[in-house]
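Okay, here we've got a single chain as C-alpha cells, the form predicted alone, with questions on binding and movement later.
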C-alpha cells in the first residue's frame, strides 16, 4: 500500500537497537483499543465505505472497491446460452477449498450426486494457506461458553449469536470428523505420549484451544479432503471452471450456474436442485492498496453473483488485515507469517527497539498498532519496504528446535527471503487477509435466495467485525458440512423447471433506473494484473 509516513528508521539503525538477549521494554499505551482502531485501522478511514446504490442492501455501507464489483453488470446474457446443452446434478458446489470439499462430502453422505466446480484446481484456495490451526474447546480448562464469549468479544459483539453458538458447538465433532478422515494433529508431550492433542493459545482468547499440524494445518487438511472427494465416484470434479453467473427458475430459486470451461473456451450450463456457493473472499482486490495473503482466485466472485440474484449481505465494509505479513523482500510482500509465531512467544518491536502492543491482542488491534508505529515514524525502512520487527532471534534463542518441529513454513519463508530467523528479525507489515462480512446465512448456510446455500469466507455474520485465529478453519468445516447436508435435502432429486437468467434481466433494469447500466462487469474472475478477458479468451478458441 502507499505508506502515509515520510520518515522511518533505517534498517541498520533499527537492527542495532535490537539488543541480542534483551527483553524489549513495553511502551505505555495512551489510547484505548477503540481509539487505536478508530485512528489507525483501515476499516475506519475516511474513504473506507460508500453506500450501496442498488440491490437488497441498498443504502448500507460497503468498501468502495468491493461495491464496484458487487454492483457490476453481468458478463453474459441469454444469447450466450442458446446453443449450450445443460448437464444436471442434485447439488452443484462452486469452490474447491475447504468449505466446498466439506459441503461436497456432506452432500454425498446425504445421498446426493454432486458436481464440484473449481476456478483453478480442487484445493487451490485460502484453506491451504491457513497455517496456525483450528479452534475447538476440548480442554478440561475450557468450555463452549468460553469459546463463544471469546468469539463474540473478538468480533466486537457484531457476530450473529446463533451462528457463533453453532460454530463453537459443532467444533469438537468437526475435529473427530477430520481425524476420522485422516488429518494429523500435533500431539502434546506428557507421561502418556500421543494421548492428548497439543493446544496453543490464539490472540484474543482466554484458553489454549488451537489445534494444529505444525504451521501448515490447512495444507494438511486440504490434502485429506481432496483425496476423499477425488475417490468418491458420486462426485464429478470440474477443474479450471470459474462460475460466471447463477441460474434462476420461474419462482426465483437458484437453479444452477453457468461455468466457463477454460480448457475448451466454452460455457457449460449446470442445472442443479441446489447450489452451494463456497467461492472464498476478496483479498486479490487489494483493498486500499494492501498486499494480500490470499490465493490467486480470491476476487469476490460469489458475493457479486449472490447479490445480483437477490441475496442479502452483511458487514461488507469490514476486513481483516493480518498483522504479520512479510514486508521484506519486496517480491514476497504480503506473504503470511502465522500467528503461531507470536503465540509461541515472538515479540513485535519497532525501530526504536520498543514493544508497543500485546502481541496476543485481537488481530485488528495489533494491526492498528503496527500501522501507528509506521505512520508516526517509528517503523523500519529497508529497500523501500516499511514495517516493524518480528523478533524471531529472541524466540529461537529460547526454543532453538521450533524451526524443525513447529514452524516449518516459517523456516521455508525465511529461506526464500534470504534471512536466517535465528540471527535476524523478519520485517512485517499488515496484509489483507480475510473478508469478515459476506452473504447472510442461517445455521445451515441457507441464504435469502431459495436453493442457494453458502459456506466459508463468502458468508458473513460468524466473526463479526474481526475474526480470531483458528475460527476460519473451523467455520469452513462447520458451515460447509451443514450447507452440504441442507442442500442435499433441498435438492431431493427434483430439478427445477424452466430456468435461465431472469434475475439478470431484473438486475439490469435496476441498474438502468440507478443510471449504472454502463458500469463495470462482474465477476472479474482473476486479479486485474492477470489481464484475463473472458470474451478475448473465448475468441481465441476460433483462431488458428
Ligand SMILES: Cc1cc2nc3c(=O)[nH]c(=O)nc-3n(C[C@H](O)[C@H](O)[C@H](O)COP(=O)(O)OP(=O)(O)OC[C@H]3O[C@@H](n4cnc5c(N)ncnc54)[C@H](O)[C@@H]3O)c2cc1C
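Since we're looking at a predicted model, the values are computed, not measured. Numbering follows the first chain given and starts at 1.
Only in words, not in the display: the form predicted together with the named molecule, which the text now covers.
Student: Exactly one stretch in 381-389, 308-316, 168-176, 95-103 has heavy atoms within 4.5 Å of the named molecule in the predicted bound form; which is it?
Tutor: Contact-bearing stretch, as computed: 95-103.
Student: Go through 301, 71, 359, 90 and name the one with a heavy atom inside 4.5 Å of the named molecule in the predicted bound form.
Tutor: Of the listed residues, the single hit is 301.
Student: Given that the named molecule is left out here, which of 451, 132, 203, 154 has a heavy atom within 4.5 Å of it in the predicted bound form?
Tutor: Going through each option in turn, the one that passes is 132.
Student: Is residue 476 one of the residues lying within 4.5 Å of the named molecule in the predicted bound form, judged by heavy atom distances?
Tutor: Yes - in the predicted bound form, heavy atoms of residue 476 and the named molecule come within 4.5 Å of each other.
Student: Residue 115 near the named molecule in the predicted bound form, any heavy atom under 4.5 Å?
Tutor: Answer no; every heavy atom of residue 115 is more than 4.5 Å from the named molecule in the predicted bound form.
Student: Since only the chain is shown here, I'm wondering whether residue 275 would be in contact with the named molecule in the predicted bound form (any heavy atom pair within 4.5 Å).
Tutor: Answer no; every heavy atom of residue 275 is more than 4.5 Å from the named molecule in the predicted bound form.
Student: Please tell me whether any heavy atom belonging to residue 467 falls inside 4.5 Å of a heavy atom of the named molecule, as the geometry stands in the predicted bound form.
Tutor: Residue 467 belongs to the contact set for the named molecule.
Student: Verify the flagged residues 124, 242 and 471 against the named molecule in the predicted bound form: is each one within 4.5 Å by a non-hydrogen atom?
Tutor: Heavy-atom distance to the named molecule in the predicted bound form: all three under 4.5 Å.
Student: Any residue of 319-340 with a heavy atom within 4.5 Å of the named molecule in the predicted bound form counts; write them all down in order.
Tutor: Stretch hits: a single one, 336.
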